[in-house]
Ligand code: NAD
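As a starting point, one isolated chain is supplied in structure tokens, in the form predicted on its own.
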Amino acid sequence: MKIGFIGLGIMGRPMAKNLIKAGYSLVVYDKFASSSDLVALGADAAASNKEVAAQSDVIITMLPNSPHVREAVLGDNGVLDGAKPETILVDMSSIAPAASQEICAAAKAKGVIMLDAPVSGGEPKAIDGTLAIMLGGDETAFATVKPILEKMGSSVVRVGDIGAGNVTKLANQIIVALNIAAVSEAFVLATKAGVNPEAVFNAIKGGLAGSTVMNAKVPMILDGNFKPGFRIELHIKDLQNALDTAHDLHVAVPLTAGVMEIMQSLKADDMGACDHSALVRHYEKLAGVEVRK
């Protein structure tokens, strides 16, 4: 089975490497990034999305947002220009659910089966192959690609029909954003009150307030390390998709809107490329303290 992989960014590159390490034959392409390191590992390089599709039985896309997926799949020299009927297209990008459904309809008209399978876990879990993968789409196609996805993720769950994967990802991103904001508020309060934030972390991480988010982000905050595992500007993209989807469904998401404004203010302060744990910088600025060891 030949796998095509389109999108070799901060997430896609390590995901593709894990597939090569697992013994899969890959053909890869990125409009802007080099594929030389993957070629050195045994992948074939393509010159376009169409060329990837023409050589592949399964195609994986890992791109920034809805417009990029539309261009890669529907555009000139796109996936649908080269894909054979019955090819499975697995879009692992985090995009708007409505966009997934739109692209899927166009793919279906060409005989291509599309699944939406966004991921959670950021760069560290992309590197070690332990992403959480939430998938929407045809059950038979899911069964076909599940062994492939399990080389990139430790959790691979089908959550419904096409678009359901990205709805699930939006729910995930809301929870992560609000969790980081809550952690930031709490640890700034503790620091301002004169209590050692590292001691607070050690005291509460095993209780009900403990979470994967807190365990991952508080050590970064304590070290003042905001090197991106997941950039603020990307979380803004996800929250915008969440807000748009919520508005379309007439669902109120006021907490999401509030965190979105905080992230926008950090982006305006040239922190968009920082890890989303830098949300704490907003609260630190307001309180006049820094949460550090």
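Keep in mind it's a predicted model, so treat the numbers as computed, not measured. Numbers follow the displayed sequence, beginning with 1.
There is also a form predicted together with the ligand; it is not shown, and the following applies to it.
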Whether A181, G210 and V218 all lie within 4.5 angstroms of the ligand in the predicted complex by heavy atom: no
In contact with the ligand in the predicted complex (heavy atoms, 4.5 Å), from 242-250, 59-67, 38-46, 261-269, is stretch 59-67
For this session: Answer yes if any heavy atom of A278 is within 4.5 Å of a heavy atom of the ligand in the predicted complex; otherwise answer no.
Result: no
So, in the predicted complex, is L19 in contact with the ligand at a 4.5 angstroms heavy atom limit?
no
Q. Using 4.5 Å between non-hydrogen atoms, is L89 touching the ligand in the predicted complex?
A. no
- prompt: Applying a 4.5 Å heavy atom distance criterion, does E123 contact the ligand in the predicted complex?
  reply: yes
Contact check, 230-245 vs the ligand in the predicted complex, heavy atom within 4.5 Å, ordered by sequence, gives F230, L234, K237, D238
